[in-house]
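The chain below stands alone and is given in structure tokens; this is the form predicted on its own.
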């Protein structure tokens, strides 16, 4: 699998959610869904153009080839997946109206909607689905690393697709509902180089909107697909307006030049959005989090006592209050709480305890120098908010337990070179998507895994992860993921800081936003099928 751009791919979306966007405000939502903004009254009206902010140009319109945070919100409107994840983090039908998993978990059968057409009028069929996933696997597409359990894909008829697996892979459904798994037209791509096909700049999908044009550095325009097989969109057009600077985009929203902000807003703007009666703020909890991680293989933090001391020295409430402007929720569990059926709430990271932290450092053989410090270390961070501000609070927190922290702020490319490729660091910070299933713990914590930047290895954890993926039911899987979280808390390869919660500001006259009650259980993160303009 190709290495993805760190903030996008190692994750989340930090952006992918208001693309790799995601961050929130302090009250818990029991079902993991959106903090409601309330119902809007009125009968939906057809027509109008929606203007959505975006910070850059998509490099390609092949949605499965490589990570591209700029393309993701566009893809959700042009293409369809077999199934999709809604803003309530629930898997719902898309091109597949239903699916079933065999008792042994080694076959997943998808039953497709009928009478679906591509935007060029060609009929859609199961052959397109097979072609899409066969190509992703063969060409090493973005999702390829998550399809390793797939042995064969068969098409018993035009409306049925069967995924035959080498072994049960309970996390596969989540990945098929996430990103980089959009169904592509076989009749357009077959026999071509999928990375250079002309359709990569003039995409043809089955989705609720059709591609019209892309003016580089200016905008991307879509129009309603009046022959859409599902619920037809209300809007005539959606225009993604390219505004590279987030502060400029925020001002454009205030000036009503944007209907939906669409970009990651500065955290400092959150209270201003809330106070403006002309703006609604969609809020969303995500299975994503900010976290600190250690080089447990080749640094001073090989010693677990020192990692435990750092964990005890950090004041997460202080970080959320000061560095994140109150937009967050303290993380004490080893896994995102979004997957409550597999959450270990017994083995958790402890609260701050300066005295206990100092004792652990002394037990590891360190004594304070004349400056009152046991040792010094460097934290490497992206030179963007809130990472820089988080690092400052961590530095101040750890000074209290006798650790002298130097902050090294870096451009993303330099960070990649030093941390991702070089593994030449002591400690760093990331924010990342932790889903779409508890099985995603494997990508960060199993020995040699793609995002295991820590060099962490625990054979017992590896076995538990394998067993967790080998069963079908949540009841059978949960004990193994609970066991995995126990090892993570004991070994401390990472210290989770805050759950990631997104804010999505938009004009008050917009109804049916993807985080609204009208659409939250039906659409993808940026899907505008149910949006209409109430003015």
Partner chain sequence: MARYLRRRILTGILIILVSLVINFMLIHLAPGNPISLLAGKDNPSQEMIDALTEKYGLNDPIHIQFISYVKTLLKGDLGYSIMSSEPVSKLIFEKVGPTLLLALTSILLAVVIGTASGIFAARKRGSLFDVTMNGLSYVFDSTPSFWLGLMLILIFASKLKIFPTAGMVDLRAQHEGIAKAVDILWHLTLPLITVTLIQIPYYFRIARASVIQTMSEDFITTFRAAGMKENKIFKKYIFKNAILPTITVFGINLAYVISGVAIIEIVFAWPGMGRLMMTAISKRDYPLLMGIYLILSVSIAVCMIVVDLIYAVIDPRIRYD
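Numbering follows the first chain given and starts at 1. All values derive from a computational prediction rather than experimental measurement.
Although it is not shown, the form predicted together with its partner chain is what the next lines describe.
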Contact residue in the model of the complex, from 463, 409, 414, 354 (heavy atom within 4.5 Å of its partner chain)
414
Under a 4.5 angstroms heavy atom criterion, identify the one residue in 350, 140, 326, 156 near its partner chain in the model of the complex.
140
Even though its partner chain is not shown here, does residue 117 get within 4.5 Å of it in the model of the complex, heavy atoms only?
no
Quick check on residue 277: any heavy atom within 4.5 Å of its partner chain in the model of the complex?
no
Can you work out whether residue 290 and its partner chain are in contact in the model of the complex, taking contact to mean some heavy atom pair no more than 4.5 Å apart?
no
Interface membership of residue 163, its partner chain in the model of the complex, 4.5 Å heavy atom rule
no
Can you work out whether its partner chain is within 4.5 angstroms of a heavy atom in all three of 345, 446 and 485 in the model of the complex?
no
Within 4.5 angstroms, counting heavy atoms, which one of the listed stretches 124-132, 390-398, 191-199, 311-319 is next to its partner chain in the model of the complex?
191-199
Pick out the residues of 484-520 whose heavy atoms come within 4.5 Å of its partner chain in the model of the complex.
509
